[in-house]
Every structure is written in structure tokens, then in C-alpha cells.
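Presented as C-alpha cells, the chain that follows is alone, the form predicted on its own.
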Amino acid sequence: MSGALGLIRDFFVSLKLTVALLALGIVLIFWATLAQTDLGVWGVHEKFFHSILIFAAIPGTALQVPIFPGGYLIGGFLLVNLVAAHLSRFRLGWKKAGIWLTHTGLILLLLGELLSGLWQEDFDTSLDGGQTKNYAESERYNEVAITDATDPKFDDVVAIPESVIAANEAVQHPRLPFRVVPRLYYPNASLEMRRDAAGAPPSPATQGMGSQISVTPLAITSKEEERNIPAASLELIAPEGSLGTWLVSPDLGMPQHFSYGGRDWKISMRFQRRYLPFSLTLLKFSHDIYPGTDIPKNFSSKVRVNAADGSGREVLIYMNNPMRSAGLTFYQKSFANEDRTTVLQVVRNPSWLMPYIACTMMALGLVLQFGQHLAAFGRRRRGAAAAPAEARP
């Protein structure tokens, strides 16, 4: 192969490229580790590892320019480099079976990390003793919920993602007799009663409790122990005209009620929910400590999994022993309210098996390769020992 195609092949199979990518990866990990103090875990993931390029602002301006390759770019080039070098240099055969198996496992490991970054979803569910829930809530994302609460036995909910509100997109849902038009959005804000704030600006709402509240925008935070609390004002517009503007925020707590078209409605902004194919009931939460200390020894939650057909089973969830069901994994994460509330992390990751398969293949490949070399070394030693014996008369 010659010409441009040959240069491209030589570039991607080059060992120098491998070394350069590994060096860039080391710098990226070190940089991200330092940045975690300010950005938190999720901020570091998004900026450094789940990105093609890392951007920074030019001092004194708001212009963002790329300054370093991100995790997706480095990992993608490593994957191409590994596959290209493997196909170019190694031939199928029993003697290379260990290398093939090890490299295939490494390729699966890289693909698994990519798919986890693209597909994995993380939610939390908090349960008090005896409480039953059929949903989990996001730590990072929010949604506006507009609920038809006319039927006391059933809530018909229309959930609008926060991203739609942030994009200032009007929403006309088939189940809503009015349009939802965003008028104001802050990704992070503080709320205060206007009567308690001297010189407070006018409220962005004309209806509900929001008309008595002032909103102050805050800087976005990425720290792990903090959370952005958004706020938005939404105007509801019916065919006959405006129904008013409502302030929504997770900080408001309870939904706000109003009536329209002979039906009862509720509007609120809440943490984004993921509904489960079953419900969970907390039977018992245990917080064990080492005797004579306050050092945690174990957290465990005994829950009942209630299926839709009325059947159920009891499961004990504790540290390093999650529950897997319906494609979801439930981990014991934390607790609250003086041991009265358990917090379970709910993870959906369709590619969760890939790292286990990849590591198993790599281990088997290394054992096979080492075993072949050990056997060959043993044969050479036996052959060397037998040669002097044959030479003697």
C-alpha cells in the first residue's frame, strides 16, 4: 500500500501514536483530578471525559476555544489505533490466541466505557420505613409537571423536560387545553418572600404563590455536595387568552393548584422522575457501626419488590450487594433523617456486563499467553538437559 492510504495506515498503526495517546490520557486524568475540587464528579465527567474537546475561555472574553483533547477523542483514537495495529501485525493462529483474546478484551473495555457514557442513567429513590414508591428521581435534571388532578384516583401528568424550558420553546401537548410558554428561566436561583426582601424586584409570576416571591439568579455550581435549583416563569395561554404566569421551582415544594375548563390542575417543577415497572416498600433500614465508635460498618435496606400482578419478594440491599431487576440496578447509597430514610441509587446501564466480559477475556488471554511461553520454556529446558545425556558414550 502506498500514497495517501499508506500514510494513513502507518499513522494509525504507529506505536508512537499509542505512546502519545497514553501520555495525553495521563495528563487528562491528572488535570481532571485537580479540577474535581471545583467541578465535582459530574462536572469533571462532562468537561474532561465525556467530551471530544476541552474548551476554555480567552481571558477577558466569553469566547471559548479548544485547548486539549477530551476523553472521547483520546479513547476513540486509542480504539482505532489498537484495532488497526492488531489487524496489521498479528495473524490468526494458536500461538497468538492469547494476544488476540487480550486485545479483544481491551477493545470491549473501551467500547463498554463509551456505551456507558452514552446510555447510563442515574437516579435516586428515598424511602421512609413502610413507605412504598414506584419511581426514582434524578440528582441533576428537572422537569415541569402539569397534572390533571380532577379524578381523585388518578393523576394524568404531562412532564416537560427542563431542557425544553431552557430553550424557550413553547409546548402545546395534546393532553393540555392550553399552551405552555416559557417567559423566564434561571438554571440556578434563590427564592425569597418579597415581604422579607427590602427593595425586592417584581415577581415574574402573576398567579399562585409565585406572585409573592422574588427570584435571584445564582452562578451555576458543579460541586458534588451542591445542586443547582432552577426557577422559571411559565405563561399558560388558552384559546381565549392568557391564564396568567406561574413561577415554578423545586424549592417551592408543593404544586400550585388552579382550575380551567371545568377541571382541576396542578403545576410544579420537580426533580426528573423515572417510573419503575414495580414498586418498592422499605421494610427495614439498618445502620451498623463498629462497637464503641461512630465509624459506619454497614448500611442495609430490606425492601419488598411489589410486581404489577400483586406478587412480591423480599430483598436485602447492602453495600457491594446491589439488587438487579428489570434492567435496573439498586445500590445502597446513603441515609437521612437520623436513620429513618434510606437512599438507594438506581442505575440503568444496558452495557453493564461488558466490563466484566472484557476483564475476563483479558485475564484468560494473559494466562494463555503466559502458559504458552512457560510450556515452550519448559520444552527448551528439557531438550537442553537431554542433549548432553545423548552425547555421552
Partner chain sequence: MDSFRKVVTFGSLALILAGCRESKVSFYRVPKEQDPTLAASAPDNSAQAGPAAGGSMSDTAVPTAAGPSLTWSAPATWTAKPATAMRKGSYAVPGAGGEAGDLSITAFPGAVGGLIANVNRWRGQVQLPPLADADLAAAVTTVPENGLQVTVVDFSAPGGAKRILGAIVPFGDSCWFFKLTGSSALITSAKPGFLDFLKTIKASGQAAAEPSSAAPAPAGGAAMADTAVPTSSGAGLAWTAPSGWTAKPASAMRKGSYALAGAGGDAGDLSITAFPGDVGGLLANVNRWRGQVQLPPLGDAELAGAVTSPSQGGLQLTLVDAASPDGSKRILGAIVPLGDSTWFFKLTGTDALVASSKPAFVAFLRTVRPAGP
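Positions refer to the first chain, counted from 1. Between two forms, the rigid core is defined as the largest C-alpha subset superposing within 1.5 Å. Keep in mind it's a predicted model, so treat the numbers as computed, not measured.
Beyond the structure shown, there is the form predicted in complex with its partner chain, which is absent from this document and is the topic of what follows.
Interface residue among 255, 204, 322, 105, judged by heavy atoms within 4.5 Å of its partner chain in the model of the complex: 255.
Proximity to its partner chain in the model of the complex, taken as a non-hydrogen atom within 4.5 angstroms, holds for one residue of 313, 297, 175, 95, which is 175. Note that among 133 to 141, 97 to 105, 233 to 241, 314 to 322, the stretch whose heavy atoms approach its partner chain to within 4.5 Å in the model of the complex is 133 to 141. Although the partner is absent here, residue 179 lies well away from its partner chain in the model of the complex, with no heavy atom inside 4.5 Å. Contact check for residue 309: no non-hydrogen atom falls within 4.5 Å of its partner chain in the model of the complex. Though the partner is left out of this view, residue 266 does reach within 4.5 Å of its partner chain in the model of the complex, counting heavy atoms only.
In the model of the complex, its partner chain lies farther than 4.5 Å from every heavy atom of residue 288. In sequence order, 270, 271, 273, 275, 287 are the residues of 270 to 293 having a heavy atom within 4.5 Å of its partner chain in the model of the complex; the partner itself is omitted from this view. Once both forms are overlaid on the rigid core, the distance between the two CA positions of residue 148 between the shown form and the other one is 2 angstroms or more. Core-superposed comparison between the shown form and the other one: the Cα of residue 302 travels less than 2 Å. When two forms of a protein are overlaid on their rigid core, residues whose CA moves 2 Å or more are considered shifted, and residue 265 is one of them between the shown form and the other one.
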